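A single chain, nothing else alongside it, follows as structure tokens in the form predicted alone.
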């Protein structure tokens, strides 16, 4: 029997989830829900209906897992607890500082509805979180380092586009190679924010805009660019469309630690990813955890979970016997 998946939100992530469902033969897409007029949304999967979000609450019993594809700033803090009372849910909430509060809100509502909610699923938080945990448990004496990029930061790109005089723009987060190599050496360097990453901006200015002012406004923007070495390149809209239309990303999680009676031996654990499409990869991680949500629910579990709480076997289509014989 296929796991019946519902998608709420049909932007880049929602489209990625649709593609991921197609690649998992134990899943089927049941419906897509949108805040837009449903007749204006054309999806890729044939014969699957698109509904307005107002119809979602009437779909209990028809969806095994609802995947929430909204934004972390305003959508998910409201939507995930609300719908966790009605469905098993998975989201990609990625505001790290607010995860504990979000967990508590979802946990309360999921338990009230007898459902499973899995939050903060993706690659960071998500796969990177798991690798930080595993490496810290294995090498208790050491330090964790996380580098993001090279890749497009969608939040920082949006911040650029909000600057007065900017028509369009993309921002890339780029690890500083010297810092990366220092960490890989096992020397446990103490690195500041500025030493770890640079911000590279490609900006299309509006006609007659003050480019010097735009550059200053970007470089001095608190919480986004002020703490980093930032480069601003002014280019045409045509060049932006031609060379910067994708959404690639990636990064590294590194644990540098020591073992031995006198901590005389150094060890480095590294996990890295390189992504052509950030939302499509995130969607694939979410699909695996949707399978876990379904299985946990079938076992009678309820409440909120994170990637830390779920055994790896729950993510896979294979049985435990198959996993032990093929991957262990």
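As the structure is a computational prediction, the values presented were derived from the model and not from experiment. Residue numbers count along the first chain shown, from 1.
Another form exists, predicted together with another copy of the chain; not displayed. Remarks below refer to it.
Is it the case that 31, 55 and 159 all touch another copy of the chain in the predicted bound form, with a non-hydrogen atom of each within 4.5 angstroms?
Heavy-atom distance to another copy of the chain in the predicted bound form: none of the three under 4.5 Å.
Counting any heavy atom within 4.5 Å as contact, can you tell me which stretch out of 31 to 39, 60 to 68, 276 to 284, 292 to 300 lines another copy of the chain in the predicted bound form?
Every other range fails; the passing one is 276 to 284.
Given that the partner is absent here, does residue 211 sit within 4.5 Å of another copy of the chain in the predicted bound form, heavy atoms only?
Contact check for residue 211: no, nothing within 4.5 Å of another copy of the chain in the predicted bound form.
Does any part of residue 2 reach within 4.5 Å of another copy of the chain in the predicted bound form? Heavy atoms only, please.
Heavy-atom contact with another copy of the chain at 4.5 Å: absent for residue 2.
In the predicted bound form, does residue 120 come within 4.5 Å of another copy of the chain, counting heavy atoms only?
So residue 120 counts as contacting another copy of the chain.
Consider residue 150 of the chain shown here, and say whether it contacts another copy of the chain in the predicted bound form, taking contact as heavy atoms within 4.5 Å.
Although another copy of the chain is absent here, residue 150 would stay clear of it in the predicted bound form, with no heavy atoms inside 4.5 Å.
Check each of 109, 221, 174, 139 and return the one that places a heavy atom within 4.5 angstroms of another copy of the chain in the predicted bound form.
Filtering the options by heavy-atom distance leaves 139.
Judged by heavy atom distances of 4.5 Å or less, which residues of 14 to 31 approach another copy of the chain in the predicted bound form?
Contacting residues: 18, 19, 22, 23, 24.
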